[in-house]
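Two forms of the same protein chain are encoded below as C-alpha cells; each is given separately, as structure 1 and structure 2.
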Structure 1
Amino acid sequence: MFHDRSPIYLQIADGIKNDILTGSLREDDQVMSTNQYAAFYRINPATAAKGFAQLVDEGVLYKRRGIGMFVSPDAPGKLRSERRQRFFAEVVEPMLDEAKRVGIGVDEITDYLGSRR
C-alpha cells in the first residue's frame, strides 16, 4: 500500500486529498479514525495520526471533539485550485522536457492537443 521512499504520513495525506478531489470523500464526510486507519493499512497508529494532523493543519479536515474527523466544506475547492496552480509546473513542464529529448516540437504537440479537443 505504502512505499518506504517517502514518509508515510505524507502518503496518507496525499491519498486522502486524492479521495477528496475524485469525490469519493465529500464535504462533511467522516474519515476513518486513526486506529481504524492503522489497523486497515497495517501501520503504526502514530504515523497515521501524523498524516491526519497534517490535514487538520492544512484545513483539509476538521475535528469534532469526541466524534472524529471530517472533510472541511471548502476542501474540494481549495485542493482543486492548488492542483491547478501546480499543473503546468509539475505536469506540462516535464512533458515538454521529454518532448525536447525525443525531438517532438511544440507545434506537433499543439496539433495533437487540437485533435483531442
Structure 2
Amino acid sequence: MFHDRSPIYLQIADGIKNDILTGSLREDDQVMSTNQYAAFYRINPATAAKGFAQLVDEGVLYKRRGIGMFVSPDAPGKLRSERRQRFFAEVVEPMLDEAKRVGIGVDEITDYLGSRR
C-alpha cells in the first residue's frame, strides 16, 4: 500500500479518502482503529494516528468517544468537490494551455472526448 515518497501518514489519509470516494467506506461507517490499522499494515501506531488526526481535522472523520472513528456524513460530497477542483486546476487547465500552444481548439477537444465514451 505504501509506495511513493510522500509520508506514510499522508498515504494513509489519501487511502481512506479514496475508499470514501469509491464507496468502500460510506457515511457514518466505522473505520479501523489506529491500532488495528497499524497492526494490519505493520506500521507505527503513531504514524497511523497522525493520518487519522489529519482526517479528523479536515472533517472527513469524526470521533465517538469510547466507540471509534467514523466517516463524516458530508465527507463524500466534500471530497468529491475538492477532487473536482483539483482536477480542473492540475489536469484540465494545463491541458488547455498546451492545446492552445499546439493549435487545438476547445471544440476539437470536446469532439475527441465525445468520441471516447
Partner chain sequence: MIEMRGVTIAYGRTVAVDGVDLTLPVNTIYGLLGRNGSGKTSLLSALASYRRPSAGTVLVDGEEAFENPRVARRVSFIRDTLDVSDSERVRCVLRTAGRLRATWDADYAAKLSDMFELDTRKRVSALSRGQRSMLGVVLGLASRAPLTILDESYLGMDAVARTLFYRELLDDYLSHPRTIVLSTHLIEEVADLFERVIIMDRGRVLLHDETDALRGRGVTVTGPAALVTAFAAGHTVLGEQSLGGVRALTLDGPLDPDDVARGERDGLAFGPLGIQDLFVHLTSQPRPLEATR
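By convention here, residues take numbers in order along the sequence of structure 1, the first being 1. What you are looking at is a predicted structure, and each value in this text was computed from that prediction instead of being measured. Here, rigid core means the biggest group of C-alpha atoms that superpose within 1.5 Å across both forms.
- Structure 2, rather than structure 1, originates from the form predicted alone.
- If you fit the rigid core between structure 1 and structure 2, you'll see the Cα of Gly105 move by 2 angstroms or more.
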